[in-house]
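The chain below stands alone and is given as structure tokens, in the form predicted on its own.
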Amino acid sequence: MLKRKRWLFAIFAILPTLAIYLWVRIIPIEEVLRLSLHKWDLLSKNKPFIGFANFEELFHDQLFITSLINTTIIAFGVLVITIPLALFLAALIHHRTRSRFAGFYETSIFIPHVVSLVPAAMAWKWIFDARLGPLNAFLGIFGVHPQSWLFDPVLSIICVIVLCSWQALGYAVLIYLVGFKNLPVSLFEAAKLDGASGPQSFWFLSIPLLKPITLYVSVVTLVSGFNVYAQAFVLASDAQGAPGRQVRVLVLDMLENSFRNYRIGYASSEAVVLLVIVLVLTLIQFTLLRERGRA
């Protein structure tokens, strides 16, 4: 009887949270899935069911394909930069925990993660400015000609990758620091007695033991990369604030189809594609973690 009362209390305690989660998360996803199967716009009264026609049109739309390619390049570019750099910086900070500047190092690296996206992007836009930006001035010292960072299609994508990596680095370093602090000290002491150097212990002990954290940080970084919007919008926008075409990303294409072209159903099909990408990445994460646990 007491056990049953405890179960009832637990169920009624979590019901409000489940109701809020259902209303905020599950119902909107179901609504997007429904809209993606209709020719739904803000101007026509008739909104017929068209099945998978939106998805068929989607993969024949050059703007969507370009957006998806650019977003994928940005997401994996941020991943390639962030993970090794975060692991390296976390290792340095961890080995300097006794230094009186350790807190300063951690705070300095984490600040970009909590800075508002738009002001940060505006600051980097000034850095990349072709005429007045300090980056071209610095490169000019080494004889490099000024580059149109935000007007070249390739260079503008690199700029977005740099900005996103700068913002993602602090969170990745923080998670890795937690991992370093929970590594078994006895294994490193045994390795040191066996003659292993610091780099050898890092390569053969720290990196394998931190594999679950690396998988987690990798998935979080990829998901954030696929949801990139403000960074690309601000960096590639012109003086009047109109979005530029150099960095066409998936979320930007989705918003333009929704609120500029009034094609809500078509934009919903783009959101479904993005949802599938995120789900696949999450599934890969759980699969790899499960395999790690069995090993």
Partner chain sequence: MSELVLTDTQELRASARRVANKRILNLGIDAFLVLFGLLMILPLVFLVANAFKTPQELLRWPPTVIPTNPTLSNVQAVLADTPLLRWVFNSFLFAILSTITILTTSSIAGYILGKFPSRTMSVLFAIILATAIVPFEVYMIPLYFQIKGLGLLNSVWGMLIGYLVMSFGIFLIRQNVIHSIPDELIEAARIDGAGEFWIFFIIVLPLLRGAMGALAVLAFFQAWTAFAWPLIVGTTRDAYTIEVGLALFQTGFTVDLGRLSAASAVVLVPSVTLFVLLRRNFVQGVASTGLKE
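Because the structure is predicted, anything quoted here is derived from the model rather than measured. Numbering follows the first chain given and starts at 1. If you superpose the two forms and keep the largest set of C-alpha atoms that fall within 1.5 Å, you have the rigid core.
One more form of this protein, predicted in complex with its partner chain, exists but is not displayed; see below.
The chain is drawn here without its partner chain; in the predicted complex, the stretch among 183-191, 109-117, 70-78, 203-211 whose residues come within 4.5 Å of it by any heavy atom is 109-117.
Checking 196, 85, 158, 215 for any heavy atom within 4.5 Å of its partner chain in the predicted complex turns up a single hit: 85. Put simply, residue 137 is close to its partner chain in the predicted complex: some heavy atom of it is within 4.5 Å.
Although the partner is absent from this view, residue 28 contacts its partner chain in the predicted complex, with a non-hydrogen atom inside 4.5 angstroms. None of the heavy atoms of residue 55 is located within 4.5 Å of its partner chain in the predicted complex. Among heavy atoms of residue 251, some come within 4.5 Å of its partner chain in the predicted complex. Contacts to its partner chain in the predicted complex (heavy atom within 4.5 Å) from stretch 124-156: 124, 125, 126, 127, 132, 134, 137, 138, 141.
In a rigid-core overlay of the protein, residue 22 has its C-alpha displaced by at least 2 Å between the shown form and the other one. Residue displacement note: residue 283 has its CA displaced by under 2 Å between the shown form and the other one (rigid core superposed).
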